[in-house]
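Below, in structure tokens: the form predicted on its own, a single chain.
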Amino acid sequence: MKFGIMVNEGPYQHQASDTAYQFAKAVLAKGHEVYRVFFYHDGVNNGTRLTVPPQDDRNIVTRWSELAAKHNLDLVVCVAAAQRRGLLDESEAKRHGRDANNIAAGFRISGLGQLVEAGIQADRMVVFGD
């Protein structure tokens, strides 16, 4: 089965990101496919490389990056939600005259069309967070 996953909450203020990550791991372990993980609203904060949790806490951003690298996952951050929250890749930073980017490894910024496509291509679309 092919799954699309949508994450609407940030990595440390709600359990949605942790649960989505565990769900994605379980789906992949069972031999299913994750077509795309789309981060929307505060969920885009899962994609910042500048998150520095305490050493004894889980690093959710790194977990997503490592899972994406291991399974060739498409981690997409909504461009409009990302810009509102100061999350930029190199291209968006240049386009808006900013001197730095902060997108984590394995994530990319794109539009809502990627969410629509995931909904069409996936057998099931699972949403985590409000």
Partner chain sequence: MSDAGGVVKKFMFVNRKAPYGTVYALESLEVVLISAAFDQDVSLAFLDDGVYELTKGQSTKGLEMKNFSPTYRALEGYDIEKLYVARESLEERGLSEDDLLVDVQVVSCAEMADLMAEQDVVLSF
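Positions refer to the first chain, counted from 1. Just so you know, these numbers come straight off a predicted model, no measurement behind them.
Just so it is clear, the following notes concern the form predicted together with its partner chain, a form of the same protein that is not shown.
- Stretch 80 to 88 is the answer when you ask which of 46 to 54, 80 to 88, 59 to 67, 25 to 33 has residues with heavy atoms within 4.5 Å of its partner chain in the model of the complex.
- Its partner chain in the model of the complex comes within 4.5 Å of a heavy atom belonging to Glu117.
- Heavy atoms of Thr19 never reach within 4.5 Å of its partner chain in the model of the complex, leaving it off the interface.
- A residue is said to contact a partner when one of its heavy atoms sits within 4.5 Å of a partner heavy atom; His41 meets this definition for its partner chain in the model of the complex.
- In the model of the complex, its partner chain lies within 4.5 angstroms of at least one heavy atom of each of the following residues of 1 to 36: Met6, Asn8, Glu9, in sequence order.
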